[in-house]
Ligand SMILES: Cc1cc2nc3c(=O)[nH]c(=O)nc-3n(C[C@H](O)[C@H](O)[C@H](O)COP(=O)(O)O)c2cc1C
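Next up is one chain by itself, shown in C-alpha cells, the form predicted alone.
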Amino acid sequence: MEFKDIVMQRYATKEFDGRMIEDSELYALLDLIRYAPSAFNLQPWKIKIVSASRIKQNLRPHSNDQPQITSCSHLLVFCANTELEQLVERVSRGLYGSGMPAEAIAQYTEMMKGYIRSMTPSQQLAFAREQVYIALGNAVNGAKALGIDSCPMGGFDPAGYAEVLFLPEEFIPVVLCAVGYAADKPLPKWRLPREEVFF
C-alpha cells in the first residue's frame, strides 16, 4: 500500500470486532513503532501492551467507558519515560557501535546532558510527552500499512491507568492506541482546507 493510501484510509476505529492480531503481525507493528524518530534519538517512551480481557475491563472505567478499550485486540498505553539522563547514557553506549568517533560521542553526550539539565522536571516531562506523539504517528500509520485498524485515544485518566497497570512512577501515561480489526465503517474524511493550514 502506498503511504498516501495509508494516510487517506486510516481512521479512528470506534468499535473493533474482537479478533486477536497474530503475534507475527503484532511484532511487525511494534518494530514500526520502535523505529519512530525522537529528539537526540532518546526514545523517551515506554509502551505497555494490554491484551488480557480482564485488565481491559478494569481499564474501561478509567477511559470514559469507551468501547474500543474492551473490543480491541491489543491496547497500547504510551507512557513518557521521565528518566531522561539514564536514556542519554543508553544512547551514548549505543553510539559506540555505530562507528562514530569516541571524541564526537563524548561531545554529543555532554550536549545532550546539558540540554536535559537545563530543563525543570515539568519541562522534561513535556519534552518526553512531545516525543511520545511521534511514536503514536508510527503506530496508527504502521498499523494501517499492516492491515490493522487503530484508534488513538486521549480521553482517559492517567492516574487510574497507572494504578491498574502498576506502572512505575517514572512512566507517565500520555496517550492510548487501541489496535485490532474494525467492526465499524469510516465516515468521510474531513480536514481543514490547505489554505487554512499552511501560510
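Note that residue numbering begins at 1 and tracks the sequence as displayed. Source: prediction; values computed, not measured.
Although it is not shown, the form predicted in complex with the ligand is what the next lines describe.
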### Task
Go through 162-170, 46-54, 60-68, 28-36 and give me the stretch that gets within 4.5 Å of the ligand in the model of the complex, heavy atoms only.
60-68
### Query
Closest heavy atom of I148 to the ligand in the model of the complex, within 4.5 Å or not?
no
### Message
Does any part of V175 reach within 4.5 Å of the ligand in the model of the complex? Heavy atoms only, please.
### Response
yes
### Message
Quick check on L42: any heavy atom within 4.5 Å of the ligand in the model of the complex?
### Response
no
### Message
With a cut-off of 4.5 Å between heavy atoms, is M20 one of the residues that contacts the ligand in the model of the complex?
### Response
no
### Message
Going through 167-195, which residues have a heavy atom within 4.5 Å of the ligand in the model of the complex? Please give them in sequence order.
### Response
V175, K189, R191
